[in-house]
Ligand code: ADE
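Next up is one chain by itself, shown in structure tokens, the form predicted alone.
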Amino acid sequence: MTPTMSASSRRSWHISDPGLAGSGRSKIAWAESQMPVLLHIRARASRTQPLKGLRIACCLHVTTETAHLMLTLKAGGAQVALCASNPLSTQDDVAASLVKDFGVAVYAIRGEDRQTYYRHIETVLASSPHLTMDDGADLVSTIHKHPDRFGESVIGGTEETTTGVIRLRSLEAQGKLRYPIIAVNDANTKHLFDNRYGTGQSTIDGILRSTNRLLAGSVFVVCGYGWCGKGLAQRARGMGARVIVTEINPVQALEAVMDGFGVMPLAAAARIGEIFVTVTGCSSVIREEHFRRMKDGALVANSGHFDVELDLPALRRLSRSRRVLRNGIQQHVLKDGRRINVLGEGRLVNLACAEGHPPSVMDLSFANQALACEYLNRYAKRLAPKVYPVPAELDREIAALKLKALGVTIDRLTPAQQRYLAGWELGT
């Protein structure tokens, strides 16, 4: 049950248990050594104060990696308020440490109900932020649904994930977006690494922690072959699974074929699959027609941002009973006796059943967030209310810093090569 939010806590924090701070502090310390790019940006920001006087409202997964982003924003002079972007992604001990050890205003409790989830969002927005930082666009959508209550002081924002960018582009297309937002998700140093390597590994981690299943030899169905799906399919194949990809996009389906995966409609895959994971950013990907075809004992999980990728109401209608078998597994017994096991309540399985992405990959994503905030503070007033990419120079800077931290050096163009690439005269 979610603790009651008192008047005093509403002003400063609302978390599960401040007594968990010691555990959270240790986890934050462990992640630090794996986030060199963000630490470099933090050290520079502490000297130059590029965010001085800014209030930033953040709706993100409250994890050890997010803690380092909050500390980086604070070091740069910002005042931050943080709430969860998913009811099951909060690490309560990290939230406690942020409040107790670092003075961050956190409003997040693992397992919070829908009412508390949105109350936390509204509390963060009540801080009259200048910038919003979103993962899934619930913060931005709340501002746009209640324009008379929120957002008057906002000059710009950032968005972390594919699902959120989809929602923001919908707002932009309808001419309703109120301020410029940088799509951090679309930076090369985000989607090529976080989405592919982070989602691939952390999704497998969530499945294994919750089920203790052997992947080798299993039929593993990946629904969606975007960057997240690519990473997941690669990791599952690397552990010996027989991977099937389902897609609606012919280009991505062709890419999956050329990468050596089986490709077929989900209706066909449902009959032979043993483990199903959605990573699409869409709704009702696995529906009643698919549940009806699944084998007894099928595992179903979602690694997209919202649980709507699985039509769980349809599954409940098909079921005669439900029970929790292990932490993170709810088994639905269908009317014909077949059992379908849903992981992490259909929410992000890598966070609901594990710890999310490794710090080393979030180092890149959150470096993008930090630098995007600095950029918006300088240029937001010149930008129209549209969705913008991360400036290419910031993307390259982050990649260069990561290479330096890894001890990797690369070549540079010679003057002659620069002239060649800048000209048109030379041919065959």
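Quick caveat, the model's predicted, so the values are computed rather than measured. Counting begins at 1, following the sequence as shown.
Beyond what is shown, the protein has a form predicted together with the ligand; the following relates to that form.
Engineer: What is the one choice in His357, His191, Arg235, His332 with a heavy atom within 4.5 Å of the ligand in the predicted complex?
Structural biologist: Contact with the ligand in the predicted complex is made by His357 alone.
Engineer: Which of these residues, Ile56, Ile398, Met362, Ala370, gets a heavy atom within 4.5 Å of the ligand in the predicted complex?
Structural biologist: Of the listed residues, the single hit is Met362.
Engineer: Looking in the predicted complex, is the ligand within 4.5 angstroms of a heavy atom from every one of Lys27, Ala31 and Ser97?
Structural biologist: Verified in the predicted complex; spot residues all out of contact, no.
Engineer: How about His68 - does it come within 4.5 Å of the ligand in the predicted complex, if we only consider non-hydrogen atoms?
Structural biologist: The answer is no: His68 has no heavy atom within 4.5 Å of the ligand.
Engineer: Taking the ligand as it sits in the predicted complex, is Thr63 near enough to touch it, meaning that at least one heavy atom pair lies within 4.5 angstroms?
Structural biologist: Yes, Thr63 lies within 4.5 Å of the ligand in the predicted complex.
Engineer: According to a 4.5 angstroms non-hydrogen atom cut-off, is Leu315 in contact with the ligand in the predicted complex?
Structural biologist: Because no heavy atom of Leu315 falls inside 4.5 Å of the ligand in the predicted complex, the answer is no.
Engineer: Is Cys353 a contact residue for the ligand in the predicted complex, using a 4.5 Å heavy atom cut-off?
Structural biologist: Contact check for Cys353: no, nothing within 4.5 Å of the ligand in the predicted complex.
Engineer: Quick check for you: of 41 to 49, 362 to 370, 376 to 384, 389 to 397, which stretch puts a non-hydrogen atom within 4.5 Å of the ligand in the predicted complex?
Structural biologist: Stretch with heavy atoms near the partner: 362 to 370.
Engineer: Need the contact residues for 270 to 291: heavy atom within 4.5 Å of the ligand in the predicted complex, sequence order, or none if there are none.
Structural biologist: Stretch hits: zero.
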